[in-house]
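For reference, the chain that follows is the form predicted alone, supplied as structure tokens.
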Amino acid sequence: MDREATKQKYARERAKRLRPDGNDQYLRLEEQFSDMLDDPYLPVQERAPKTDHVTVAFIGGGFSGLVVGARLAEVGITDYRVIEKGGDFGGTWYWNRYPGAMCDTASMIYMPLLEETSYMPREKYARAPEILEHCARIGKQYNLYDKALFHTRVVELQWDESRSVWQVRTDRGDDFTAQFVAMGTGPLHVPKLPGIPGIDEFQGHAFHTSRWDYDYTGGDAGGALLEKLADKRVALIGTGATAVQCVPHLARACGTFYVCQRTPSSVDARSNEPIDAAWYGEATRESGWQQRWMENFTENLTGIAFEDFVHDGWTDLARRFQEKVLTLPPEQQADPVQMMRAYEDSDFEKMDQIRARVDAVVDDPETAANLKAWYKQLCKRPCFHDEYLQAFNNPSTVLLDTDGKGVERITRNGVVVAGVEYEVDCIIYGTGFLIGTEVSDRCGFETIGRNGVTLTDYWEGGMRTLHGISSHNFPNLFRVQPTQGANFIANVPHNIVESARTIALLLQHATDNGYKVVETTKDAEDAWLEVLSGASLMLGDPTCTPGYYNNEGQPLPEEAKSYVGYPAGAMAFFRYIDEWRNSGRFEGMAFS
């Protein structure tokens, strides 16, 4: 391996993909393609608007809403309403039903409340239908369906100082109040399209992967053959984590299948397999097992574990780095410069292996060369799959590599790449979701706190919270998200279950003691931001190829400097917040 030659190659490939418009290159579906947002899975049920009062309203029916609801039920708070824009619980798993969808961290640590529901996942990496079933299982076990409002979007959230309640208004005419509001709207629910010239001219069929049209393709989310595509010419735009999972299914089904690639994903082996019931029973025999598994995974990724329960691509990456550090002389093992070099060396070696795997799997040398990822593994979401690369050996599957430029144009009849028009019957957009935009933009509503201050204005210079959960001037309002907390993105459900415990204990303390208002103090918020000022920013690596991890390669806005986590690391934060909430003092929170 030639370190300098590899770095230069990374830099050249990055330069090809830099665009001055950054996140502005993408289109919101509401602007021109609102029909693509229609729910293809369940019809909207008519109902009368709600004008009542609830103790807790939660915005978002994904893992966050489910786990917070479960934890509140466990402490005796059952007057709980979830507002969800989908037709059922599941969040991103309600929408992402494309063929091949599955979690990319192990089921044992990804699917929440396995212990509480006594459920054993079928495979090491659960498939989307099983995850959606599990969401419904949680909803039923904790009676969360009773007051849920599905196919409903919040349009405004406003604090009423005179009554110490939140006024919640929705697009279904609801206008009700809640003593407490929490939200877990997540980053993966507002679909985006590429701003390709002519995108509105295409006369064939088109849809986004988060609204998969099985009426057109045939098949189902369980992996049945997409039989209606046998005589179709299909183009998939996008080769990220979604494409890696659905490409094998499309390759098996389409008459002709074009994969339009701007940047290849790094695709390591996944080695999925059924979970053995006897092994599972042994692994889960002691109370608290899932918490220990999640913590073990986090400890492995932060370099403090002596045992690896999960054994996957994520922990392999961490283990390789740790082993590389241990090869250094003892006096260099705490030197940040030497540690960074050791990290780079381990990453270069791993990416060389991933690129060598492409050569070993893909028959055509030119196709193999174009499928190789030339960037550090964590510049983009690492992918793991056992069928993606093999799909390009199918004679009906054609890789249209754009050499970093993307599709040039979309015409009435197809896509143009390198000056050549490829006529297609259908375009599938696997182009992901809005991430690098304002929170209110992604949520779709404004939050108006005390004295009329909006969350957008309050966070204008950067995010301001205590523990990533609550903000001054926004009483009785809580968020479930990782930033300014553990900021752990390899297994986001770990953040969710910790936030849910914290929120449940806060609200139990408030309701048991008759408090109407809970609010972070200004001093506590300032002090927490001072703690965070010593943290390293995870985003914005100037050497990375453009993507949502680094603001599409553009300089980070000033407020992005606040998108950090606890300086001592994710596991240290989880231990800190556990002690904070279990002390019963809830330091930094004012109850009245």
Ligand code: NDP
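Quantities reported herein were computed from a predicted structural model and do not represent experimental measurements. Residues carry their position along the shown sequence, with the first being 1.
The discussion below concerns the form predicted together with the named molecule, not included here.
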Only one of these stretches, 469-477, 378-386, 178-186, 281-289, has heavy atoms within 4.5 Å of the named molecule in the predicted complex; which one is it?
378-386
None of I503, M294, A243, L113 but one has a heavy atom within 4.5 Å of the named molecule in the predicted complex; the exception is A243
Partner-contacting position among T152, T239, S499, T447 - heavy atom within 4.5 Å of the named molecule in the predicted complex
T239
Is it the case in the predicted complex that R97, P248 and L399 each bring at least one heavy atom within 4.5 Å of the named molecule?
no
I'd like to check something about L144: if you look in the predicted complex, is any of its heavy atoms closer than or equal to 4.5 Å to a heavy atom of the named molecule?
no
State yes or no: in the predicted complex, is some non-hydrogen atom of T431 no more than 4.5 angstroms from a non-hydrogen atom of the named molecule?
yes
Consider S266 of the chain shown here, and say whether it contacts the named molecule in the predicted complex, taking contact as heavy atoms within 4.5 Å.
no
Taking 4.5 angstroms as the cut-off for heavy atoms, does D104 touch the named molecule in the predicted complex?
yes
